[in-house]
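Before any questions on how it binds or moves, here is one chain, the form predicted on its own, in structure tokens.
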């Protein structure tokens, strides 16, 4: 059995940051949709589609970056399709998302068999992984350089996306419109805010971010595609957004926490005698615990709100002159 210092290393921190990247990107998209009042449960399918298209296009075109761009465009188009069906035909987004997740899972397996004759996984030596970046100033800083330097541009983009989304939501006019639509769609429309445009924007950006997270899995972190490569990361991203109160910065750190849970599960298999099947349950158990905490937080919030309301009802009403109200006045 390995000791504690064998587990907590810089390698664990680096792996955690990398594994958190697809979760963070999809979670930011989910948080944006929640802020706009549309529930996007199709993050899993969009992430899987992004992973598949990125590596397929990179193989046929010979350019990994073009593969990532095509994957993001496909994710954005799916978001646009969601918005169209939701606003034009009032399709239930939950049913649509579940159907899409199942459809993309089977389509990726089908096209992998048709195009490459493989079912479980596929790769090719000609595919180039997105290279890591060495930041000149940062890499020379002790400790900090070991933790924050040496990732590819998708990892750094996820950090930038969290900051940019925070600025947009809380420091721009459009961000105020997004939050207004999410809080009260009808009231927002009465003051001239186009709720359809706002929600369409949220769904398109969310799809692009989720697809970019999927592209990171296939060409940013590895150089292969496997069946169901997203492996529940889209659902984990939804959990991260909820636990982070749909706030970009809180969502970022929650996604980072889930990434470290994944890295810890991998690391503990390498340095301990813990059965692999048990170690692989750690990320899923962590997600379950966070979901329970989200549910408890909601219940506690509702209970406190009811108590405040009851206290206001029971408190004595007084007139402006300080006399008691008629309900509690003298005969």
Partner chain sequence: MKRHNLLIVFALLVFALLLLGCGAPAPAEEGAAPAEEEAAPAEEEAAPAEEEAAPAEEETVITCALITPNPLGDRSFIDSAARGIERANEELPVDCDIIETNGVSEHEAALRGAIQQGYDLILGLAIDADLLIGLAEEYPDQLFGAPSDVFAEELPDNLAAYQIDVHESSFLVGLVAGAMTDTGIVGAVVGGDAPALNQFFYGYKQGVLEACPDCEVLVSYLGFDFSNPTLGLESALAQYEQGADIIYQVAGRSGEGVLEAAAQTGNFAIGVDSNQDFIQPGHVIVSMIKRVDVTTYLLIESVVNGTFEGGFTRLGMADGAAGLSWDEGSTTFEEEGPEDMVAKLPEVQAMVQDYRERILNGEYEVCDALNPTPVCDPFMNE
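Numbering follows the first chain given and starts at 1. The structure presented is a predicted model; accordingly, all values stated were derived computationally and were not measured.
In what follows, reference is made to the form predicted in complex with its partner chain, a form of this protein that is not presented.
- When its partner chain is considered in the predicted bound form, only one residue from 249, 133, 119, 144 comes within 4.5 Å through any heavy atom, namely 119.
- In short, of 206-214, 154-162, 80-88, 238-246 it is 80-88 that has heavy atoms within 4.5 Å of its partner chain in the predicted bound form.
- Looking at residue 270, you'd find a heavy atom of it within 4.5 angstroms of its partner chain in the predicted bound form.
- A residue is said to contact a partner when one of its heavy atoms sits within 4.5 Å of a partner heavy atom; residue 286 fails this definition for its partner chain in the predicted bound form, lying far away.
- Interface residue remark: residue 148 is not counted as part of the site for its partner chain in the predicted bound form, having no heavy atom within 4.5 Å.
- Taking the partner from the other structure, its partner chain in the predicted bound form has no heavy atom within 4.5 Å of any heavy atom of residue 137.
- Residues 217, 221, 222, 223 of 191-223 are found to place at least one heavy atom within 4.5 Å of its partner chain in the predicted bound form.
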